[in-house]
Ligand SMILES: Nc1ncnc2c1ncn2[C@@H]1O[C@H](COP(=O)(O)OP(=O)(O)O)[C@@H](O)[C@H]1O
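Consider the single chain below, provided in C-alpha cells and representing the form predicted alone.
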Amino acid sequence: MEQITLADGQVWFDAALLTEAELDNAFEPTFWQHADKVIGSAKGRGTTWFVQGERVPMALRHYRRGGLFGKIVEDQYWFNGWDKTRSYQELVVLQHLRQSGVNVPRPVAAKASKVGGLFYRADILIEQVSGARDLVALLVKTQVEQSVWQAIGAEIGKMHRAGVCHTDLNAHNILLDGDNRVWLIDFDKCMQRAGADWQQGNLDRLLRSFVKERNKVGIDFDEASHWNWLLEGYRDTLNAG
C-alpha cells in the first residue's frame, strides 16, 4: 500500500487498483455519481455505494456509529494515531487475511481525516466481489448443498487459523459468488487475537444469526444438518493448521 499525507489526514491506497485520476475524489459519492459510475448501493448504518472504477468495481463505505451514541455523534471517532483509525485497521486486517489464504475482498484504499484535532472521520474502498450473493438472500429462495455449508465452515476456520476475530460474524457477512465460492466481508472493528478462547464466541454469534434470519425471513436453515455440516468444514480446516 502507498501512503499520501493530506493537510488534515492520511490516505492509503493500492496503485494497481486505483488510478491517480480517481484518487483525488475516490471517497466522494458525488464524484462517482457525476461520472455515471455508480452501479448499485446497499443500506446499513449508512449507504454503501458500489462504483465502477477504471480497474475494478468497488464498494465505498463511510464509517458511521451505531446505537444510541450514534444518534448524537454520527461519524466521528476519538483520534489516537493514524494506525489506530478504523479504516487503517480494517485495511491491515484484510491484507493479513488475504496473505493467509482467506477469501476476503481486496482492500483498494482507506482514508482518515482529522476533525477539530481530537476526532476523525474515515472511509474505505474495497473491491466488489463479482457475482456475489448475500447468503441470507440466497437461503430465502433456495437450498445450498452440503459441500457449500462445509466450505462456509472451512473459510471461517481459515480466518480463525489466521488469528482474526470477526466481531460481527453473521449470515449477512457471508457471500457466495457465481461458482459458489465463499467470501467473508465487513471487517470493521475486527482484529488479530492470540489464543483461541474467543473463537467459540464467533461461532455462537453466527448460529444466533442463522436462527434469527430463519424466524424473521424464513431462510432454509437447520441446526441438525446445515449447522453440523458447517462445523465439520470448520473443524477440519482449523485442525489442519
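What you see is a predicted model, and the numbers here were worked out from it, not measured in a lab. The first residue of the shown sequence is 1; numbering continues from there.
Unshown form predicted in complex with the ligand; subsequent notes refer to it.
Although the partner is absent from the chain shown here, none of I4, Q10 and S113 has a heavy atom within 4.5 Å of the ligand in the predicted bound form. With the partner removed from view, the residue among V38, V211, A42, M191 that has a non-hydrogen atom within 4.5 Å of the ligand in the predicted bound form turns out to be A42.
Residue L175 is the only one of V56, L206, A26, L175 with a heavy atom lying within 4.5 Å of the ligand in the predicted bound form. The partner is not drawn, yet in the predicted bound form one stretch among 113 to 121, 127 to 135, 76 to 84, 140 to 148 has residues with heavy atoms inside 4.5 Å of the ligand: 127 to 135. Put simply, V51 is far from the ligand in the predicted bound form: not one heavy atom of it is within 4.5 Å. Proximity of G157 to the ligand in the predicted bound form falls outside the 4.5 Å heavy atom cutoff.
For the chain shown alone, V182 is not a contact residue for the ligand in the predicted bound form, no non-hydrogen atom being within 4.5 angstroms.
Contacts with the ligand in the predicted bound form, taken as any heavy atom within 4.5 Å, map within 87 to 123 to P105 alone.
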